[in-house]
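One chain is shown next in structure tokens, namely the form predicted on its own.
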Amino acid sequence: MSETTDLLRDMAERLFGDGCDKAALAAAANGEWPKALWTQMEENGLTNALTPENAGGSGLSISDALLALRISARHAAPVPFAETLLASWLAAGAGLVAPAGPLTIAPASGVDVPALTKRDGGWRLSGRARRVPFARDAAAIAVLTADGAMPMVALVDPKLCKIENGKNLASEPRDDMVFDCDLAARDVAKAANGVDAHTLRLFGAAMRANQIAGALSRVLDMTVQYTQERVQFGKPISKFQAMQHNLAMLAAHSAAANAAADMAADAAEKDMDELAIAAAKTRCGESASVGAAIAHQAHGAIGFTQEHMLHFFTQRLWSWRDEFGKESDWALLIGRSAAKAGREKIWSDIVTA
């Protein structure tokens, strides 16, 4: 572990720990933009973590950027951190300069790719994108589209688009968009070599895996603390064998999710290996489902109330497990890979990944 990584971890824990109290999370769930938190993130170089230093960014490694993202999820940071990382990475790879402020990407769902055509020395972007994260709050949207078979990146001002507000289970913005706008030549460029819609989906899945791991680790801490404090029949409920069994299961799922997130970060750092990321996202999705259920069972009804912090994390777990590919989507990819490998190669492929 490098000194830079240690410093980054300490800074991120302080920043998100101070900026994500219950009042801030509740305000964000009600539609208030967390300006103070975002300003702190910008001032500490987190929002441009994947932008090279020669382009004005922090130039962090992917693994360090995903570590900061995991910590932000451990505090349920109500900001488009993952989306800004993805958008700035896309833009920097294409040689585009993204504006300051929160960024997002489209398409995020993998469907309804907007069409790009040349027009009058510039470009015309038309089409739809569904469930774009934080589109209403973004300074720009990095749209991964194509000019024929050539993957292209366009930086689009959301003011040029029609936005229909929506949200996920955690009340995070997930907006439908209609693109029908002209873009200057400087706002469109060829995507970096090897970057296409599948690459973007893989990177997004690696990011969601790390967010799930971060949120689930906080859910584990909260559940252990609550069961030690909650007294029933004269003793803490953590002393009951059934509860101990459930806590052990929750701890195991949290550990598995964090190991899978590490694997996803390593794969994204190296070559965006699809089998490793698919396995990580599948495993983290399973842990999100089982872990959230155990936590709510342990907390009882209080965990669902607005007054308690638990729901800020479990609702994000339920949302993130389905974004950038559900368990079933990635499990299908794994199954097809195994079938293609055949019995002679399947074991070597598994242990290599």
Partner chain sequence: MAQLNFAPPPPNTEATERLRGEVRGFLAKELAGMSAQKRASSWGGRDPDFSRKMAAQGWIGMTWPKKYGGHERTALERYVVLEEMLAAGAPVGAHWIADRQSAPSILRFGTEEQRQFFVPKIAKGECFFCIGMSEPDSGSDLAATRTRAVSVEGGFRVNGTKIWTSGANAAHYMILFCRTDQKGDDRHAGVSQFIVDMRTPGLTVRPIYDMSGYRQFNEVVFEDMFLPTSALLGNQGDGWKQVTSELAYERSGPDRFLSTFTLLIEGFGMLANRVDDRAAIALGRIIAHLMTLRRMSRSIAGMLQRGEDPATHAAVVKELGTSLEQEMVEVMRLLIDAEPDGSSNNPYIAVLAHTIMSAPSFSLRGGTREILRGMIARGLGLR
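Residue numbers count along the first chain shown, from 1. Please read these numbers as outputs of a predicted model, since none were measured by experiment.
The same protein has a further form, the form predicted in complex with the partner chain, not shown here; the description that follows concerns it.
Exactly one of the stretches 168-176, 251-259, 199-207, 88-96 approaches the partner chain in the model of the complex with heavy atoms within 4.5 Å, and it is 251-259. Shown without its partner, this chain lists 190, 119, 186, 239 as candidates; in the model of the complex, only 239 has a non-hydrogen atom within 4.5 angstroms of the partner chain. Out of the listed residues 271, 229, 221, 180, 221 is the one that sits within 4.5 Å of the partner chain in the model of the complex by at least one heavy atom. Among residues of the shown chain, residue 22 is not one whose heavy atoms approach the partner chain to within 4.5 Å in the model of the complex. Not displayed here, the partner chain is kept clear of residue 14 by more than 4.5 Å at the level of heavy atoms in the model of the complex. Mapping the unseen interface onto this chain, residue 266 counts among the residues with a heavy atom inside 4.5 Å of the partner chain in the model of the complex. Although the partner is absent from this view, residue 283 contacts the partner chain in the model of the complex, with a non-hydrogen atom inside 4.5 angstroms. For the three marked residues, 26, 28 and 61, no heavy atom of any sits within 4.5 Å of the partner chain in the model of the complex. Residues 328, 331, 332, 334, 335, 336, 338, 339, 343, 346 are the ones in 328-346 with at least one heavy atom within 4.5 Å of the partner chain in the model of the complex, listed in sequence order.
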